[in-house]
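A single chain, nothing else alongside it, follows as structure tokens in the form predicted alone.
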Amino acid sequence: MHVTHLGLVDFRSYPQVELDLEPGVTTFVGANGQGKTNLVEAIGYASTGRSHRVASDGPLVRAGAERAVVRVEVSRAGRRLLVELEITPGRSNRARVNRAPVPRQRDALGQVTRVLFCPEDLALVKGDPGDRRAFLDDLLVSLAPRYDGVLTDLERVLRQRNALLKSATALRGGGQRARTAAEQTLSVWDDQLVTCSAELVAARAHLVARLAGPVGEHYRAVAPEDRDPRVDLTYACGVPGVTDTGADPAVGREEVAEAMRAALVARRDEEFARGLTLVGPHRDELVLRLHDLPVRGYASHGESWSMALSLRLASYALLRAEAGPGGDPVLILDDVFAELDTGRRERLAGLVAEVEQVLVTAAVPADVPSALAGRQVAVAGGTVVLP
């Protein structure tokens, strides 16, 4: 698969862009702050319905505009497909596939698949657990877009449940009657939380089991000087009683649901006291270990970059295998070569040189290895200058 055309209206810094793209390597070259990343961010948004840079849609709309439009046309196994998204902060976004409206934005997801590697990916290994949860969830949505709905439902349930718990702390002086009333309302949100959690925990555990082997393989390819790398991925579930599945990808939803219900009962008093949901997949962790030590806090800068690269390359391998012939994801390398030493630059370039479409952003052409020489597009002052 490759992107054949990108069209933007009032997206980020661009009043309007119409850009034809080709298979192979395309490098967007320009000084920092000129709009290179905005272009690849738009393609990522068409893939997952989320930005890799911000948590909300507001910053995606150009200052002074009410809405933004992203149009991405792709060619997959010789068939053309057009995805159009209209982003309107504060309202429901609208989407069309091949110019036909779809009920929800999530129904347009999965038509465009991409894997993005960017400087922020160092947070995958050095950052907070939320960064690693976001990595897993982004990949889940790319593999099966229905998980976008599961994540949206979980966010809504947690928001409502936490609001109820916080308000209930003010009722503690009302005695047992007030506590009983709050618990009756809370039970409704508990049921929804259990349903969302069982679905997401099972999916994350399965995904981590599938990633473990490819991450180790790619680490050895990226860091061949490490002759005996012991790379380990462990899924640490935020639901007590649910253990890491190891090599077994199957985590029964009923098992997770049962453990979740028991944990909610066990921590009910503490949740009321703190006004916060203390059990669930929002407390999951992906533990990365290298040489039997946690990568976070122990790995060197170079080892951390190698692990981040390995996570993204393993993601690409899973998506490629899932998609089948003609469905290779688009690979986006956003300003990463300036962050890598010469050896890692060349090894990364060698690993991705045969990908159907690679989109690169770089401040200067010299940052891009010769193995990825291809079409160059200049970006300056929020405009795209075609060669």
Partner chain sequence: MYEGIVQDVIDALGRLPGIGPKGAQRIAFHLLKADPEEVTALAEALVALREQVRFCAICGNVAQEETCGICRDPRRDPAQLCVVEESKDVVAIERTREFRGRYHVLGGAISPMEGIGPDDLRIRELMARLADGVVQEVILATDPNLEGEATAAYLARMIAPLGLTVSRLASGLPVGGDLEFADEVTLGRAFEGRRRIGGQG
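These numbers were taken from a predicted model, which means no experiment stands behind them. Numbering follows the first chain given and starts at 1.
What follows is about the form predicted in complex with its partner chain, which we do not show.
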| query | Candidate spot R104, D153 and R159, all three in 4.5 Å heavy atom range of its partner chain in the predicted bound form? | reply | yes
| query | Just one of 276-284, 73-81, 201-209, 188-196 has heavy atoms within 4.5 Å of its partner chain in the predicted bound form; which? | reply | 188-196
| Touches its partner chain in the predicted bound form: A317 (any heavy atom, 4.5 Å) | no
| query | Within a 4.5 Å heavy atom cut-off, is A221 in contact with its partner chain in the predicted bound form? | reply | no
| said: Since only the chain is shown here, I'm wondering whether A123 would be in contact with its partner chain in the predicted bound form (any heavy atom pair within 4.5 Å). | reply: no
| said: Is it the case that A163, even though its partner is missing from this view, gets within 4.5 Å of its partner chain in the predicted bound form, heavy atoms only? | reply: yes
| query | Which residue among R146, R267, R96, R289 has a heavy atom within 4.5 angstroms of its partner chain in the predicted bound form? | reply | R146
| request: Pull the contact list for 62-101: residues with a heavy atom within 4.5 Å of its partner chain in the predicted bound form, in sequence order. | output: E66
